[in-house]
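Have a look below at one chain only, the form predicted alone, in structure tokens format.
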Amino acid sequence: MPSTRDIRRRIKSVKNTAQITKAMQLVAAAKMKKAQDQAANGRHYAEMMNKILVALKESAEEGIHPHFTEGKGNKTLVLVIATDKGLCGALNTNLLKKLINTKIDGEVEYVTIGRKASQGLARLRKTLIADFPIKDPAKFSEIRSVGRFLQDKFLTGEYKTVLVAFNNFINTVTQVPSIEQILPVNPVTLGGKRGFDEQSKEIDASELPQYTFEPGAAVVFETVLPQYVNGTLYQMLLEARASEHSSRMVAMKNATDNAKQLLKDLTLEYNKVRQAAITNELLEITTAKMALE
């Protein structure tokens, strides 16, 4: 049985840990609110871009832009968006499990955002060709370089498709690891909301307003499609950051609650040990007194 001194040391250690996890919980909660608002606001822009591209696709000839055509090579390029820091539960682990369990034909090469993604792929001995460190909060100017890199790689024809693996933010306690195809842009699912929220639905082209494109749909494609890819990547990054801060806040709250429960258990154990020591002392005094009589 541990002594009262050992239990007091453990109680002090747990109290210090609880203070740290509580502080991290408050910091994550503040960042979470900003990240959630940023992700929610970006969904409206992503939805409008989808509507415009549906109208563009209806007005343009088939195969008018290489973004709609698969590459001639048999490779697949996968962008993995993870976190830079840990202490966010099983967020990164679930994403890597989803990536491993998803069957991808042909040779696969990876591009990463976030230190945990590059470290995880290195442990799995995967081929990593680029890593983009993007600070928090994310800026669109930073993701533009990632989009340009992916599009340049795809347009060489070396890669058949380009996929993005990220944590899809649903709500504070639910983040779903997802893998989306970003290139080539799929004409069938082009009108969908990319599944950024639970109320994703297809957009009917017949219900869209009639757009007039100047100087023409083909010319507009040259400008809009690269912007669409960059905008979609940025929205995915926002979803991943909202998932990160939400998962970290929940993980730190659970850690704080567990520390409080451990403190109660240790205090109860301390009182039992202390009471047993007092009882033993009283028995020794009583026994000594009886021996003197």
Partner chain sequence: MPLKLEIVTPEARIFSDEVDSVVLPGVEGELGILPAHAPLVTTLQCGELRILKSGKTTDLAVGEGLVEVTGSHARILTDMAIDVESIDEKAVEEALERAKHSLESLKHGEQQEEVAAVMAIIQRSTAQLQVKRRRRTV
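Bear in mind that the values here come from a model prediction, so they are computed numbers and not experimental data. Numbering follows the first chain given and starts at 1.
We do not show the form predicted in complex with the partner chain, though everything after this point is about it.
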| request: Just one of 112-120, 219-227, 172-180, 98-106 has residues with a heavy atom within 4.5 Å of the partner chain in the model of the complex, so point it out. | output: 219-227
| query | Of 251, 262, 49, 29, which one comes within 4.5 Å of the partner chain in the model of the complex, counting heavy atoms only? | reply | 49
| So, in the model of the complex, is residue 42 in contact with the partner chain at a 4.5 angstroms heavy atom limit? | yes
| Heavy atoms within 4.5 Å of the partner chain in the model of the complex: does residue 160 have any? | no
| Looking at the partner-bound form in the model of the complex, is residue 85 within 4.5 Å of the partner chain by any heavy atom? | no
| field | Interface membership of residue 75, the partner chain in the model of the complex, 4.5 Å heavy atom rule | value | no
